[in-house]
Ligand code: 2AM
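What follows is one chain in structure tokens, specifically the form predicted on its own.
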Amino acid sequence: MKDLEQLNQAMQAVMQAARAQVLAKMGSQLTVAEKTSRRDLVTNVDHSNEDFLVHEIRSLDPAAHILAEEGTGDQVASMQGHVWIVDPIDGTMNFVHQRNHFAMMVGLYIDGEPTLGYIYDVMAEKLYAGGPQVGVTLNGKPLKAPADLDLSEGLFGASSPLLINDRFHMQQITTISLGPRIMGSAGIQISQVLAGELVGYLSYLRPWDFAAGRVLAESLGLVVSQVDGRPVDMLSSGAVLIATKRAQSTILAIS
């Protein structure tokens, strides 16, 4: 097992190789299928990219368990040991219809502790990488922690279903903020929180939607919790809030 810095560098190279493969396949005919609804899509590129990422992770960390969105990895029932959580294409609807605004995400947890995370905004070519022990970089350069702004001082990343249906008082939250921003990709919106472009992001997320983001966010002094303030469960779905400390405090008082 390589030390974390070596592993961090190796995984950044894997993510760059995966990006090259995705770009190469974007010009070809996509095979698109519905999973649970017409708004929940999967493509041949999701599957091929997951196959590639899982294969490379197994080469780097053979004893690890891998939880992958499309099922290529393992049946993971515990966060003990090394657990990698993989989202090969986050924002598949955007990928299919816009060919933009989608991300690849990978997170490593060791005995349940957030250890390494990677969010790759594919079309913008922005790779957020690192963790609490190795620091966080954007395209290899250190990323400074975003300012601890309150909800009223910044834009807020919203989920369209939560906003439309006013779940968790999302309409009040976005009204207090400087305005909602909706991208349709957890990876893209979490990366915007990391970059200080948003003061927070709230959505109903599955483990692969926020595993990488949690590692990176907490490493930069941001907070990740359920919408009621309880700790997130890395093996279950729920409403997850990634925000500055001040924005989280304000949102918890509302929701």
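Because the structure is a prediction, the values reported are computed rather than measured. Throughout, we count residues from 1 along the sequence that is shown.
Beyond the structure shown, there is the form predicted in complex with this ligand, which is absent from this document and is the topic of what follows.
Engineer: Whether residue 47 contacts this ligand in the predicted bound form should be assessed with a 4.5 Å heavy atom distance threshold; does it?
Structural biologist: The answer is no: residue 47 has no heavy atom within 4.5 Å of this ligand.
Engineer: Is it the case that residue 52, even though its partner is missing from this view, gets within 4.5 Å of this ligand in the predicted bound form, heavy atoms only?
Structural biologist: Output for residue 52 is no: heavy atoms all beyond 4.5 Å of this ligand.
Engineer: Heavy atom to heavy atom, is residue 211 within 4.5 Å of this ligand in the predicted bound form?
Structural biologist: It does not: once this ligand is placed as it appears in the predicted bound form, residue 211 has no heavy atom within 4.5 Å of it.
Engineer: In the predicted bound form, does residue 186 have a heavy atom within 4.5 Å of this ligand?
Structural biologist: So residue 186 counts as contacting this ligand.
Engineer: Determine which one of 73-81, 87-95, 164-172, 142-150 lies within 4.5 Å of this ligand in the predicted bound form, judging by heavy atom distances; exactly one does.
Structural biologist: Selected range: 87-95.
Engineer: Just to be sure I understand the contacts: of 205, 57, 227, 222, which is the one whose heavy atoms reach within 4.5 angstroms of this ligand in the predicted bound form?
Structural biologist: Spelling it out, the residue with a heavy atom inside the cut-off is 205.
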